[in-house]
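First, one chain by itself in structure tokens, the form predicted on its own.
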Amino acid sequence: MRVLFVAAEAAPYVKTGGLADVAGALPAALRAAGHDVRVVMPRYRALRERGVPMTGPVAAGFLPLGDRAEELRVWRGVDDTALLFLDIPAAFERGQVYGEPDDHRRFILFARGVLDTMQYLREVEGWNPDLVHAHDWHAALVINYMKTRHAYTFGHVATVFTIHNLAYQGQVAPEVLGLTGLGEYGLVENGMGPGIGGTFNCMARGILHADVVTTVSPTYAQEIRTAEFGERLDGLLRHRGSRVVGILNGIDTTLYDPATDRHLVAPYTADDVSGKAACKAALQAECGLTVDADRPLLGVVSRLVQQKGFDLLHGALPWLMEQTNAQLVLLGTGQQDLEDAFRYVGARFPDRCAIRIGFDAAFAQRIYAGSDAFVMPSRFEPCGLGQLIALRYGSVPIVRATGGLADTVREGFDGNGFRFHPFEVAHLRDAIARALTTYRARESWEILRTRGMREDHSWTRAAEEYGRVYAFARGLRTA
């Protein structure tokens, strides 16, 4: 099947979160499964400044917008010729990927540019997609346009819209955009968008118009249909019924492989985990912690934000430091209050608690490899990649049972980790306590750790599930 993959970011070119990991890895897995996949993303200023190799422009034109017309140029990747970069200077010659006051206009232009690029691919290169797979609110309006303004040209093309995080919807207040603005953008049909209090909502448009809506885990697909997690779009999502499905993300099992990871002091596998002890000792020494194989070492790699539940973890730290012999290594950056709170604990317990504010990919790999357990106490988690990487590296996950964490971490006879559900410090503390008790029973811990390391969380599995969704969506258009 010919698939056009549309996303605002893709690793390794631009990455701010999990969307980039999906857009960077899933197309390759789909190609390996026999699909003809091309990827479209913006050409941000940072790509030009870094000298990312591209050829072109292979096409150029203008995007009419009211009494203005913005320049569009299409570039092709050199390392990946199936990757197309949309160069729209008015939208993407900026200092940051997101967070500009006119983000709504930037990504409306991006959507318009994608439609023009589809026409170029069809008319010049003879490539017409069977399906468009758009990701998050930044690409949602591509599907909106396909089913309305461009229905005559592309109405036969199937569409899949993936929600990576429903909390970010691309909402615009009427006083910012206005009905006149909607008319200029070709978005006046269906009013201002359903169920969102009179604002224009890009995410809602994608949900409304897509043939199939997917999320990044089965449990999250159910959660977002409730008032607690639905972010005011639960009614619309319930309305779409069985057209909303959840598919777990995968991880790059070549990149995340303790047998070949060049950042580690010693390699190891599920069949021979002896190298993990050396990784733990090296991490303890690097962080200034007491080097002791018998002390359980907990790892954390994350953004320090409320969503990730770090107010909860901070509340459990006095107990962890004062009533257990466990150590903690944390790497992350985010809210200033959380950064300061964790710095304080690190300064108070320097031989037990190592806090590094910032992000360092190599250090993150060493935390996965050197830690015995990995903590993710998220308020909500659409999928989560940290627990999947931790399983791969033999760091037993301790998670709140929400979203993708509930789908990938099991506790019990055939378990691979530890879970808690009520979002309370006491329940997180109890889950950690159960993990520490099991850690002392070394044979049980080794069985638990090895079971997790042997699980398949590759993109190959996810690509097979997306292939079935693509076939269903395509069937809706050809029936």
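Note that residue numbering begins at 1 and tracks the sequence as displayed. These numbers were taken from a predicted model, which means no experiment stands behind them.
Below, we refer to the form predicted together with a small molecule, which is not included among the displayed structures.
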Check: So which stretch, 341-349, 269-277, 361-369, 223-231, is the one near the small molecule in the predicted bound form (non-hydrogen atoms, 4.5 Å)?
Finding: 361-369
Note to self: Can you tell me whether residue 18 touches the small molecule? I mean in the predicted bound form, with a 4.5 angstroms heavy atom cut-off.
What the structure shows: yes
Note to self: Taking the small molecule as it sits in the predicted bound form, is residue 112 near enough to touch it, meaning that at least one heavy atom pair lies within 4.5 angstroms?
What the structure shows: no
Next item on the list: Determine whether any heavy atom of residue 303 comes within 4.5 Å of a heavy atom of the small molecule in the predicted bound form, and answer yes or no.
Entry: yes
Next item on the list: Give a yes or no for residue 209: in the predicted bound form, does one of its heavy atoms lie within 4.5 Å of a heavy atom belonging to the small molecule?
Entry: no
Item checked: Check all three, 299, 314 and 377, heavy atom within 4.5 Å of the small molecule in the predicted bound form -> no
Note to self: Considering non-hydrogen atoms and a 4.5 Å limit, which listed residue (213, 158, 398, 331) is close to the small molecule in the predicted bound form?
What the structure shows: 331
Notebook entry, point to check: Within 4.5 Å of the small molecule in the predicted bound form, heavy atoms considered, which of 253, 307, 128, 199?
Noted result: 307
